[in-house]
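Only one chain comes next, encoded as structure tokens, the form predicted alone.
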Amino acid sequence: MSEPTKMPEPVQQVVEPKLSPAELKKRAKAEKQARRAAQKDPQEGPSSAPALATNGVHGEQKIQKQSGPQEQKPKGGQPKGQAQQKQGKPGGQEGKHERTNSIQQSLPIRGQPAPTAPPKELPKKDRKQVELFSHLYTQPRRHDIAGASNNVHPSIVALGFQMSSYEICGSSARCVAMLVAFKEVIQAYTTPREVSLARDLTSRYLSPQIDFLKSCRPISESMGNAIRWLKKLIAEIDPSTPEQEAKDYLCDEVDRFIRERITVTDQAIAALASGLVKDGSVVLTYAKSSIVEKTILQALANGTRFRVIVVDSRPLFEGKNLATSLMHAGLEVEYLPFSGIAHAVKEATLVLLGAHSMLSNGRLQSRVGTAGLAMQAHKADIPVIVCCESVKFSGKVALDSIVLNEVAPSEELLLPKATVSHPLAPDRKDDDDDDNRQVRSLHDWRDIPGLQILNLMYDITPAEYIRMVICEYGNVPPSSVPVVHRLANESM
């Protein structure tokens, strides 16, 4: 019976909570990881740290209890002595793995951002732009010289401000003013050493002037054709030509371009179009066109007796200047708003229209509202005649007014502000907000969500509404516009 008294010794070793050095190290590691987790994620609270720590302790005790009868043969089939030697070395491979594991756990996992507080959602700012025409909102019109290039000439600065404020309005007037300003720019230019005028004038000196004009207001088709002609002329200058002689040559060619392509052309068009005005005719026109004004005055000079109806619209009211000019010339003029088109068409016998540009598919791009007037005249079987110089002919094609257009500032459509208020209703308390007492007007459009104001400058008139196009080459149908454009602009 002496042998059974020796059995309790292994049971006391299993129950004894004594831990090996490796197990103590694992326990310390678990506590350390718990503290790091508590510092990294304070939202989980301090309860996570002791939970991890106790789990580590119980896990170690559980492993010890399960491995009690099998301590002599650990996993992997290694002897007990070797297993204890590997566990007992504090600087061994296990210590290295523990340090690398703790570093990897402390670093953020790639592809998973560190847990941070959710960002506050900022209210979306309404840009007050019509999304369908968002491609036209390139930049606001420039009204000061801030941010402009140092090479911009003072004459270009003055011209840009005059264009943005409509002091110089109209495609032909803007083109002439630009070429006159370019003459001053060319005379003020000095060629650097070891550089030819043909290469430096266009790239370094002329381009900033054009960019400044574009920032003030988009250039017209006639201005674009004139710029391409001038660049081609500069590129053809012989590098051996003296600087002053080359500049004088360029200025003389600019004067010739203005004289031949605009001044004389307008006279020829006015002479042709005035022959269509007969005695007793009623000429209907829209807004103001310089070539239409010259045509009407030429018909008056020819002794023809007729009267004129001018239809106008906001916000520029260009027709007022045309009506005033014709009245001073001695003509009988009737001035109507755009809403009076139906009345104007009933009396008209001929419609004369100006052009911002004639497109290659025969369509007319002109002041917004022109298409409506041409449609009414076409339904009433009234001939619609377009007076347009070939310098305004374009190789572009447009089917609507969305792709090719210009967006003017929305504030131009606002009427003069007037303070209008209404009395409080009987059932309304006196302590209501002041906003409820004031009537909102269109001037508050920026503060009204979902409200945008679109101020387009031009529209597209279909070719079937146009009877004839008169240019310096004669009377041509709208389908002949691309032919004239190739002859006049691409071959110059």
Partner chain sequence: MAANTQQRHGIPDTPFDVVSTYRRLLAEDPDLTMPVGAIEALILGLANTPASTVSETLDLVSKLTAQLKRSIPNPISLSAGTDLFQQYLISNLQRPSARGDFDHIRSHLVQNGRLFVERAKAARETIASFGRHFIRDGNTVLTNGGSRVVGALLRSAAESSNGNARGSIRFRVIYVVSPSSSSGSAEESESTANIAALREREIPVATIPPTAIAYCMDQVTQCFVGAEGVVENGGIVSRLGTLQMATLAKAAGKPFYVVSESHKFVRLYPLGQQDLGIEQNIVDFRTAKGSGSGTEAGQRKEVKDEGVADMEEGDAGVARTVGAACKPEEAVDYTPPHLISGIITESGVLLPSAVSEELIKIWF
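The shown structure was predicted, so the numbers you read here are calculated from the model rather than taken from an experiment. Residue numbers count along the first chain shown, from 1.
Absent from the display: the form predicted in complex with the partner chain. The rest refers to it.
The partner chain is not drawn, but in the predicted bound form it has a heavy atom within 4.5 Å of Pro383.
Taking non-hydrogen atoms only, Asp279 approaches the partner chain to within 4.5 angstroms in the predicted bound form. Using a 4.5 angstroms limit between non-hydrogen atoms, Ile186 is distant from the partner chain in the predicted bound form.
Put simply, Leu350 is close to the partner chain in the predicted bound form: some heavy atom of it is within 4.5 Å. Remark: all three candidate residues (Ser479, Val484 and Leu487) come within 4.5 Å of the partner chain in the predicted bound form, counting heavy atoms only.
Residues are counted as partner-facing when one of their heavy atoms sits within 4.5 Å of the partner chain in the predicted bound form; in 178-212 not one qualifies.
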